[in-house]
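Next up: just one chain, as structure tokens, the form predicted alone.
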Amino acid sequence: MFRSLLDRFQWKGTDHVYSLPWIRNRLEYSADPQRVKEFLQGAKVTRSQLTRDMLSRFHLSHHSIVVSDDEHAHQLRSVFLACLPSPESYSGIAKDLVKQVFKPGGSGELHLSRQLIPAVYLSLLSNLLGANVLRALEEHIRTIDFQPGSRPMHLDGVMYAIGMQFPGLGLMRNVIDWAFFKKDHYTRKIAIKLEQMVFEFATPKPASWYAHLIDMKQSGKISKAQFRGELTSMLVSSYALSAAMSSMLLCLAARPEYVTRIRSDQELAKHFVNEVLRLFPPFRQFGYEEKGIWEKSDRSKDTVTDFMVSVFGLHRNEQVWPDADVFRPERFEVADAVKGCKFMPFGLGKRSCTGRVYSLRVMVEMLNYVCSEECGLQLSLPADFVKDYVGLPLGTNGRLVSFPVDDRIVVRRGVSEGGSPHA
């Protein structure tokens, strides 16, 4: 009997249903695109309570578009999308990011996350939030020691199972974070300080997302907490986007033959980015539930309440991705390569990531620029770089947002047309 109880907590991989004791949840994990399609099309769905709780902790807020309830997300989504940069501006945004990460004249070994996170955060404030960043804020951001990391997902599940998500236990959660997860506690302190400084040392550009948020707060359309949640989401987005960019640049360093190919065929950059997002999805899982599932009086104890998609497992499913562990961007040349429910680095449907268009465009333009003769960079991996068995970067397991385990990259300048450094 005791072993049977413990077995309920044992991870058996995807395509299993888990029933946790003393709570009403039945969690189904799947990496089967047909089952994902069946669930998402079978009924009106929303983000699961467990996923919202995990995202809320990662987003440091319950009130941003990404984390909030459907009504609030629907209210703001169309306004946000209308404020995205014009298509022709992404090239300049990407070039500026590359110059911030790889300082002019600099070379040698560097840690990508340490360079990317502050650079991406400043870029998001300026280009996505639409704020004029004053010098005091910029200098403060450049002095922060950003430490990417999040609580293990299985621990989040256990904490949810014992009711730690309830508001009355907020103090206990903070004590646990302070005692055992100092990076999470440290990130929360950073977020609070940055939120205050953005409000004090950033002014809205005309018709920007920031300007709309201020107007909506002043008119009472959104609360102060919702306004603050959107400011905090800029920091969180910088972590997720930096993780994806780190994987992209490390994959380019591991497969340098694609530099000249992308230089002559910029369409290949889109396929390269998709392949990076397939093998190294920044978010490792998404969770959904049927709307109104918790109010159903006739719901049986065998009803699945939380449908969790293992994005990592889905993207490496051999049944739908031949040679799933092989890095081959050319697989996305096929017209329907991303159709269906087999590729979802940003989620699916109305609750997919609102910044997916921005992220994809910036990553593609960044890759095109790094591969160009104008940029003049050569990227390579250190001799002792931590790789997986096919020579690619190793992603972090068991975390909601996956940064490379080893994010070191070697930078050289002055690249000849053939892709090798000048003598």
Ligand code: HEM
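For clarity, every value in this text was computed on a predicted model and none was experimentally measured. One rule holds for the numbers: they count along the sequence shown, beginning at 1.
Quick note: we don't show the form predicted together with the named molecule, though the next part is all about it.
K.L.:
Can you work out whether the named molecule is within 4.5 angstroms of a heavy atom in all three of V66, F80 and S237 in the model of the complex?
P.N.:
All of them do, each having a heavy atom within 4.5 Å of the partner.
K.L.:
Just one of Q378, S30, S359, S61 has a heavy atom within 4.5 angstroms of the named molecule in the model of the complex, so which one?
P.N.:
After the contact test, the surviving option is S359.
K.L.:
So the named molecule isn't shown here. In the model of the complex, which residue out of A269, L128, C341, C251 has a non-hydrogen atom within 4.5 Å of it?
P.N.:
Selected option: L128.
K.L.:
Quick one: find which of 137 to 145, 184 to 192, 314 to 322, 348 to 356 has residues within 4.5 Å of the named molecule in the model of the complex by heavy atom distance.
P.N.:
Of the options given, it is 348 to 356.
K.L.:
Answer with yes or no whether F283 is in contact with the named molecule in the model of the complex, where contact means some heavy atom within 4.5 Å.
P.N.:
Although the named molecule is absent here, F283 would touch it in the model of the complex, with heavy atoms inside 4.5 Å.
K.L.:
Using the partner position in the model of the complex, report whether L279 sits within 4.5 Å of the named molecule, counting heavy atoms only.
P.N.:
So L279 does not count as contacting the named molecule.
K.L.:
Quick one: is I293 in contact with the named molecule in the model of the complex, heavy atoms, 4.5 Å cut-off?
P.N.:
Heavy-atom contact with the named molecule at 4.5 Å: absent for I293.
K.L.:
Residue-level question: is L112 within 4.5 Å of the named molecule in the model of the complex, judged on heavy atoms?
P.N.:
Because no heavy atom of L112 falls inside 4.5 Å of the named molecule in the model of the complex, the answer is no.
K.L.:
Using a 4.5 Å cut-off on heavy atoms, which residues of 196 to 221 contact the named molecule in the model of the complex?
P.N.:
Nothing in the stretch sits within 4.5 Å of the partner.
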